[in-house]
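Only one chain is given next, in structure tokens, and it is the form predicted alone.
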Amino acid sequence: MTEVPEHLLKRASEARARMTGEAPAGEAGAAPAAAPSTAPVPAAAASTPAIPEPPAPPAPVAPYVQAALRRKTIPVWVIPVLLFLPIWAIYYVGYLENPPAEPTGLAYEGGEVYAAQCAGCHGAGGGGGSGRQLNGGEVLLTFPSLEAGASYDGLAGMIHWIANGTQGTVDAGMLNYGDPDRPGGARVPGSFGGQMAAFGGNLNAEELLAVVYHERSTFGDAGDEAGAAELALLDELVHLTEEEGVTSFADASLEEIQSWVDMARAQLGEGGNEMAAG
């Protein structure tokens, strides 16, 4: 058997010592190699849960947005008002574009003249005062509508009385005015209170005819048919006086006025005669 040299054994021993951690064999005082640890290796620490990142701060709100958020909401009662506004706007625009027509016509004009010239004596409602009562049919008792075969035309007589008044009637030699067969007796000029003023100089022909119509239709208790007949006749009389150049009834005699009324009736035709006869 071959003997291994000493120095090779020593190298092998040192190499083994380096691998195992033991002292090389043959070295005095060498510490024995530490025994491998049998203690259990602790388990790896449990993984720590991830902490969520805090949310980003909100973006700053603009001042006008803050003001809008602080503003009070619309009250409930405003809703019907807002719904009504378009209707009101349509009505308002329509009213501006089509204003109501001014009242016109003989009937309207007569009411205006009566309020300004006659109501002070005869009362706003025709109840009388310093002048005689007109309402309750009194005016038609004194100046009745023309009837077939009647000898007195109340329309012509009333125009003459208003145009000439008490003094003009007396100056004309007339002992009474109105229907001489009036219930309660004929009216005598100056027999009641103050004097009846003559309005023929203050009112033109149309204004005087208008107030005649107003008094007869408003205070005469005439029905619709009779009122329509009176208005038609007086309207025709207005046109006739304009054509004839009659601007006023001042100082006109009863005969002259009667002739104009007869002409107006004739121009209305037979139908007008029948209506006026009511």
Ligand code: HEC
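Residue positions are given as counts along the sequence shown, with the first one as 1. Remember, predicted model here, so these are calculated numbers, not experimental data.
Here the subject shifts to the form predicted together with this ligand, a form of this protein not shown in this document.
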Counting only non-hydrogen atoms and a 4.5 angstroms cut-off, does A252 reach this ligand in the model of the complex? no
Test of understanding: in the model of the complex, would S151 fall inside 4.5 Å of this ligand by heavy atoms? no
If we define contact as a non-hydrogen atom of the residue within 4.5 angstroms of the partner, is T104 a contact of this ligand in the model of the complex? no
In the model of the complex, does I162 have a heavy atom within 4.5 Å of this ligand? yes
Listed range touching this ligand, judged in the model of the complex by heavy atoms within 4.5 Å, from 210 to 218, 56 to 64, 228 to 236, 241 to 249: 210 to 218
Heavy atom within 4.5 Å of this ligand in the model of the complex - the one residue of G201, G131, G111, G136 that qualifies: G131
Considering non-hydrogen atoms and a 4.5 Å limit, which listed residue (P86, G184, P75, G190) is close to this ligand in the model of the complex? G190
For this chain shown on its own, do S145, P180 and S259 all sit within 4.5 Å of this ligand in the model of the complex, going by heavy atoms? no
Which residues within 53 to 87 place at least one heavy atom within 4.5 Å of this ligand in the model of the complex? none
